[in-house]
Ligand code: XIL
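A single chain, nothing else alongside it, follows as structure tokens in the form predicted alone.
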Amino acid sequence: MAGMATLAAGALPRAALAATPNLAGTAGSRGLAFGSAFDREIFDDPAAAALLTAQCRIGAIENSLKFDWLRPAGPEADFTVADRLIEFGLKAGLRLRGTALIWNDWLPDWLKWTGVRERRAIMDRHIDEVLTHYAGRVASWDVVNEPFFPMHGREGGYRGGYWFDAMGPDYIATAFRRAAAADPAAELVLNEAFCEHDDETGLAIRPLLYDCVKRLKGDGVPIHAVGLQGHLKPLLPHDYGAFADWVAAVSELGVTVKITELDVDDRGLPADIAARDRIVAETLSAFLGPVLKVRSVNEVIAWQLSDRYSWYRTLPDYPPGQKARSHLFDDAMEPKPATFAVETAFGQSAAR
């Protein structure tokens, strides 16, 4: 299916729009866990903190556990801010996730001056220190984030960058084995983008990711789950039913599957807020409907709950005066049609 999704009849009851959403409760009633990314905004914005704790059972640290945030100026890590976030999440009763432990993008400039052998040692040190520091507190880690990006032109379609260029594709297995040794109780996830769409990138990455997971599992690498980000783009070609079939095939390799960064890219949608909100809701409904029929999908995590903290608002290509409305709640932390579309999808999903 190409273009904008169409909301199934009855999928978004009119009466629901007047109700108070309970995303975590509705998801939990079907054996699903729902959560959201969060970060430093919860220190200064009580409304954001309250919304997160009211609606979520999972908290994913959006940025502050990434390499460049922990080690911006050199190899010594500063856990000060991340520790405060972890403390907040645990007090709120959230199951915590660390994102992008090893990622070939957004690395600090000081790494440019390190040699190949030194980078391997730096990666090992990073994994050891971070997972040991948070053992028993961060339950799940995206050990390797976005391993594939065929446009970089690397053999095998891998994403280039400091780790890949130093170690080749073996950096993936190395990172997982190192993480398992540092925290044997942690859930270890391979997280990837783009797979939701039937454009050239999405169709190229799906078989690469499938083969990678199959190979890792066959080699005894401790990978427990695959994360699929879910940054939905309604203007790109997509067939969410076919995508769900592929998700089911991935799970047959012996992993669970998570939707780890759910939102809707509303660039290019109508400027009219009501029309844009409707398309965002329809897109979420059309995506989650078939995907949540796959019982191995056990978690859905939004990439921020509120438009107020949308990462899309850092992008330059919105029309003047138009702000992203890509998330489930608006700037005032009030629910939108997207909120109830997701809650309805949870309620109608297959029981786990």
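In this text, residue numbers run from 1 along the sequence as written. Just so we're clear, the structure is a prediction, and the values are computed from it rather than from any experiment.
Here the subject shifts to the form predicted in complex with the ligand, a form of this protein not shown in this document.
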Is S140 a contact residue for the ligand in the predicted complex, using a 4.5 Å heavy atom cut-off?
no
Looking at the partner-bound form in the predicted complex, is E62 within 4.5 Å of the ligand by any heavy atom?
yes
Can you work out whether W106 and the ligand are in contact in the predicted complex, taking contact to mean some heavy atom pair no more than 4.5 Å apart?
yes
Is it the case that E282, even though its partner is missing from this view, gets within 4.5 Å of the ligand in the predicted complex, heavy atoms only?
no
In the predicted complex, the one of D265, E146, D198, D277 near the ligand [non-hydrogen atom within 4.5 angstroms]:
E146
State the residue from H231, H224, H126, R120 whose non-hydrogen atoms include one within 4.5 Å of the ligand in the predicted complex.
H231
Tell me the stretch among 150-158, 179-187, 211-219, 98-106 that has any heavy atom within 4.5 angstroms of the ligand in the predicted complex.
98-106
Across 285-322, which residues bring a heavy atom to within 4.5 Å of the ligand in the predicted complex?
W303, W311
